[in-house]
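Below sits a lone chain in structure tokens, taken as the form predicted on its own.
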Amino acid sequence: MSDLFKEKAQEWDSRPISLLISEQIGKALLEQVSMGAEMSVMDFGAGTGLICTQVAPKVKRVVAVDISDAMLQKLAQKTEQTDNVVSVCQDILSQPLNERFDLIISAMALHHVQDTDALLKRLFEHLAPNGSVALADLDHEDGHFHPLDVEGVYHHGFERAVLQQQLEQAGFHDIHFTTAAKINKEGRKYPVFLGHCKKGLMPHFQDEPEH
């Protein structure tokens, strides 16, 4: 699999829009999502760690997952002296981790995954009992946020009501959406949502046990 972010990784942390998005999403996460010193966290689509480096001081351990080795190399440079952040370059859809987490966070990664339903089910499987997910991404837009020829973008944001249905189908409950950020780009405003929900007892896609 080619690393679509290999070139972008070199200047990612100097892009004003990357810094603005991560600052606002990180602030919303820390304000709205309960974290504790004994928690194990997965950052799905961690990139260069602009979000997980904000979360790491609040929790016991962060596993930063991404399919871009170049982005994770940038993260490793930041966390050389941090023993509670572990980078994993792996596609968890095809190769799940042998670990369960109290919290899974993800910022601006959902639109890079073609099969949203499959991803949500996989995240559900990676949660410990009573675990939760906090997902931030673009509200549905008309396709102008990214350049038209960019690779690896499968969704022009998400309708919150539709994503809520998908989360419920995957087994999540107590679902809440807020606006975590508003991004001004080329004279247009793009809201970014933060969806927070909990793992239910049984995902709806499983068959009911026979009696």
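All of these numbers come straight from a predicted model, not from anything done at the bench. Residue numbers run from 1 along the displayed sequence.
Omitted from view is the form predicted in complex with a small molecule, to which the following refers.
Put simply, of Ala180, Ala46, Ala170, Val55 only one has a heavy atom within 4.5 Å of the small molecule in the predicted complex, and it is Ala46. For the candidate set Met71, Val85, Ala134, Leu123, a heavy atom within 4.5 Å of the small molecule in the predicted complex is found for exactly one residue, namely Met71. Among heavy atoms of Leu93, some come within 4.5 Å of the small molecule in the predicted complex. The small molecule in the predicted complex comes within 4.5 Å of a heavy atom belonging to Ile51. The small molecule in the predicted complex is not approached by Leu103, whose heavy atoms all lie more than 4.5 angstroms from it. The small molecule is not drawn, but in the predicted complex it has no heavy atom within 4.5 Å of Leu127. The three residues Leu138, Glu141 and Arg188 each lack any heavy atom within 4.5 Å of the small molecule in the predicted complex. Between 180 to 188, 30 to 38, 60 to 68, 162 to 170, the stretch whose residues reach within 4.5 angstroms of the small molecule in the predicted complex through a non-hydrogen atom is 60 to 68.
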